[in-house]
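Heads up, what comes next is one protein chain in two forms, each shown on its own as structure tokens, labelled structure 1 and structure 2.
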Structure 1
């Protein structure tokens, strides 16, 4: 199934010497447009394809940008196949320093927080903030708590954390303001020596499995 793109693209703009910014209507999934771009015959002449909330940004040879820019407004791209992607099981030890506070704020018991967090199937929504940091959505409504009022100077890599509708695993030691509820107990999902470096990709499903 394909859907014509008419109305899906708000604008296509050349940026600088080597950039193209494709702006999308609200209902369009940037990852579908990015997938279309990566399948385009000119894709090998691009150095970056960066889908974001409302845009897809390309860097590459100007001639390739012009050709893709001309193709985009009339393009048709495949529907996102909900069965696409793999399921990755991540073993987690629920031992985070904020676990009790999250339980207090949500009015649940610690056991119930763990049960709800590990009993949900998440999808990889996007990457950002730090290299390889995947954002998994969507956290059950009952677990949604805001970020901590003041961030920690150092969150150890492998920390499993929640804030608002997302849950994440810190890929590196970094500052961070999320609520830490556990620790990854298996191999890292982000490994710069692996090819690709990310064990999960956008659209994959992620399940957390409690390790005691």
Structure 2
């Protein structure tokens, strides 16, 4: 099945000579747009197709970008196979310093926050911000709280956090403004000594398993 793109695209603009940035409306699945691009006759002339939260970035020959750019506004997106990729189970201790505040802001008990977060199957949507940091979608609506007003100077590696429609695991010690609800209790998903260094890839499914 396909879905018309009407209203799904907010802008299509060139970035330099070899880049094209497709900006999407809220809740449009960037992976469906990327799937359309990869199926386009000009796809072999592209070197990168990078979906993110609200954008898809293309890198390739200018003529290919022009043709795809003209096709995007009236395109129809193919369905994305939700069965693709592997399933990774991540043990988590729900001991984050923001867990009680998240419960208060959502009107849920702490146990219900844990149940909702650990009872959802997520998908690796994209990578960004730091090496190896995967963004997992889609957080249940009831848990969607904004980033904290003041970011922390240091968030420990392995922290499990939520903000808006995503949940993440910080791969490194770094600054961060997300709501910390737990700590990864198993092997890291990002290990520079491993090949490949990422234990998950875009399209994989992730399940959080509560460890007490």
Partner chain sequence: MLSPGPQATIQDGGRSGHGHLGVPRAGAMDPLALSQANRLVGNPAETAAIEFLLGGFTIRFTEAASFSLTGAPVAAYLGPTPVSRNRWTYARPGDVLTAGPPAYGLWTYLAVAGGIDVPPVLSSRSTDSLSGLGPPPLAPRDVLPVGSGGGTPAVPSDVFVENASAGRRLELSFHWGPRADWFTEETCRTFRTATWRVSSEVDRVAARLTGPRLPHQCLEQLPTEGVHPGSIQVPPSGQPLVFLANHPPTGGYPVIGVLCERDLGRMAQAAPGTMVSMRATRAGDGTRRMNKEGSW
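Numbering follows the first chain given and starts at 1. Whichever C-alpha set is largest while still superposing within 1.5 Å between the two forms counts as the rigid core. Remember, predicted model here, so these are calculated numbers, not experimental data.
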Form predicted alone, is that 1 or 2? 2
With the core lined up, does the C-alpha of residue 67 move 2 Å or more between structures 1 and 2? yes
Using the core for the fit, does the CA position of residue 20 change by 2 Å or more between structures 1 and 2? yes
Does residue 153 count as moved between structures 1 and 2, where moved means a C-alpha shift of 2 angstroms or more after fitting the rigid core? no
Cα of residue 33, core superposed, displaced between structures 1 and 2 by (Å) 8.7
Could you tell me the distance the CA of residue 53 travels between structures 1 and 2 after a rigid core superposition, in angstrom? 5.8
